[in-house]
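Starting off, we have a lone chain in the form predicted on its own, written out as structure tokens.
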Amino acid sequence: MGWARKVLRVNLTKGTCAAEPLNMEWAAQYLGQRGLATKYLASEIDPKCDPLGPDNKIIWATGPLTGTMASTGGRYSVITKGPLTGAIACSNSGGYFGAELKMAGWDMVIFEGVSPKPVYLLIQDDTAELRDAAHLWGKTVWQTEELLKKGHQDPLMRVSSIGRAGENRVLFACVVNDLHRAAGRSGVGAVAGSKNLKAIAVRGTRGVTGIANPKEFMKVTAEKKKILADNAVTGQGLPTYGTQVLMNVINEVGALPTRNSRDVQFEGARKISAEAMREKRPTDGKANLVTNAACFGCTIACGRISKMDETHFTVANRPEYWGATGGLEYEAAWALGCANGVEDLEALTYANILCNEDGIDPISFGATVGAVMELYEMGVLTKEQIGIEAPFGSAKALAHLAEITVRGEGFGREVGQGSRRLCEKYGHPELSMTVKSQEFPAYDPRGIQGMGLTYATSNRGACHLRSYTVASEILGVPVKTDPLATEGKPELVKAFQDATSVFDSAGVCVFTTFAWTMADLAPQLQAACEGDWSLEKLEKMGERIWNLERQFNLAAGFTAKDDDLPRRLKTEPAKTGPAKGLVNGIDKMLPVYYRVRGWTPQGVPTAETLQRLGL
């Protein structure tokens, strides 16, 4: 059985920890991690509750393949109502924490209430207790992990924690584990901070037991690992270049949002690309990239480990940043670079280090800085307000804003509210490149039409990982579609959304979908878990999970009006590249998408759809 069959319920108000059996009836319908934890959350909280109030809950959840020998089986998710968006939030992370939690014998941990003082949760196999975290409050993620490992004299302990940004309620604060792996989007770290929850420290020695058919599981996972190894993306591109392999590719197709989406191509993209990370610097003869890295059980190893130039202005007098640490991923490099017109690779690396160290989402942070720089160039914001001259392209402004945002100082407090609230405050809401208040990532919807529909309909606010149609529209996986066409995109987006819901819920990485389809996931679940895990069941399950999230958002007050894109993407055509002259065709695609989903023209699932899915 892939599940541990146990849930840990932590009442922070009372200071209690109690074990309860996993609801296996729900597990059969929602699998685990994203799907199953969303079912728990939706069943236990009022969707209209204040995300940072005592009635919200926050859940750390694993999937049935987490901690197993399935490739990439190290994932976990943090599920809550997000403070950035007010919508359902589910943020996925890799590293080693998820597997450790599962090996301690827990499928998920549910936190409820608010602690009267800072605490952390200590889990040692079956034993769980809340401990005082006064000595950790005000510390960074890196300091917190070091202090907990030293304090418990256990270097093998795994830690999932928040930094000062989460404590300060930065609305896009992350939960970070293993120093630079993060449950990164929608502000899950701020919810933990609102509950005075600093960290979970876990040591698991039980392993994952009860695989339904061990011999078959070993056989099928070995077969599926070979598929990943033989694939050009998962076997070559991602290990060699990481997700940064996309920088030059997306720039060439004219879909790289630049300077707060004024442009769709960045003239400095080459200087901050994967290729640039591998080139030797003239200052010290070393490259930004040190090596690649893998999460638990991963055969892809797309992670980046980088080392900064010690002479660079951001760290010349700060030796604490001279060591190797987590390097730039594509989304972070885009948000910190292209979105702001900054082409200084070392400055991007520094800002990314701060995001990891204190736990903020680099996508929302970088995109918000893009809005700040546009407002500055318009004369709406001044040097006196921001604390520095902040035109597009200023690496010094980027570094300064990163420093004051993670610390919650001065204008950094306004940046920490995200671009929608900031732009509304200064009279220009149209300059916020968001959907449902969440900043969209590194693909311009004018150059990749399917991503416009993806952003508009994503249940957690603008997100690429809910429906990565880039795979089809640019990379030709599993089939090539025209990125500039709107026809067929509603069906494509739905298919990607449903499939991703299942992969996220299984406990494996979505990057496997460059090589795997659900037909590759099904036999792994069939061998690991009791019962029927046919392709047909999984397809329906993905649809069920997506509609459950939709129901939560509708109950929270969202409507079809929230399934929309920023005005700029619908009225300002791309100036260059293959998409020159085009805007996004969301108005054509959305009504078709609603029909394909089995929803009303108002975006509400019909009674027939709900009955068919058992909702």
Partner chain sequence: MQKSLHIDAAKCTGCRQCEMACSFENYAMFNPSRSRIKVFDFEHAGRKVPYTCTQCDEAWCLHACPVEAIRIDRATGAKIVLENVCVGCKVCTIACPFGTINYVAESGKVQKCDLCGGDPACAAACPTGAITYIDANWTGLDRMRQWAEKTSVQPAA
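Residue numbers count along the first chain shown, from 1. Note that the structure is a prediction, hence the values are computed from the model and not measured.
Just so it is clear, the following notes concern the form predicted together with the partner chain, a form of the same protein that is not shown.
The partner chain in the model of the complex comes within 4.5 Å of a heavy atom belonging to Ile211.
The partner chain is not drawn, but in the model of the complex it has no heavy atom within 4.5 Å of Pro490. In the model of the complex, the partner chain lies within 4.5 Å of some heavy atom of Gly297. Among heavy atoms of Gly67, some come within 4.5 Å of the partner chain in the model of the complex. Stretch-level contact check against the partner chain in the model of the complex with heavy atoms at 4.5 Å: of 280-288, 423-431, 502-510, 175-183, the positive one is 175-183. Only one of Met218, Ala134, Ala485, Met378 comes within 4.5 Å of the partner chain in the model of the complex through a heavy atom, and that residue is Met218. Gly323 is the sole member of Gly476, Gly323, Pro116, Gly531 with a non-hydrogen atom lying within 4.5 angstroms of the partner chain in the model of the complex. Along 90-117, these residues reach a heavy atom to within 4.5 Å of the partner chain in the model of the complex: Tyr96, Met103.
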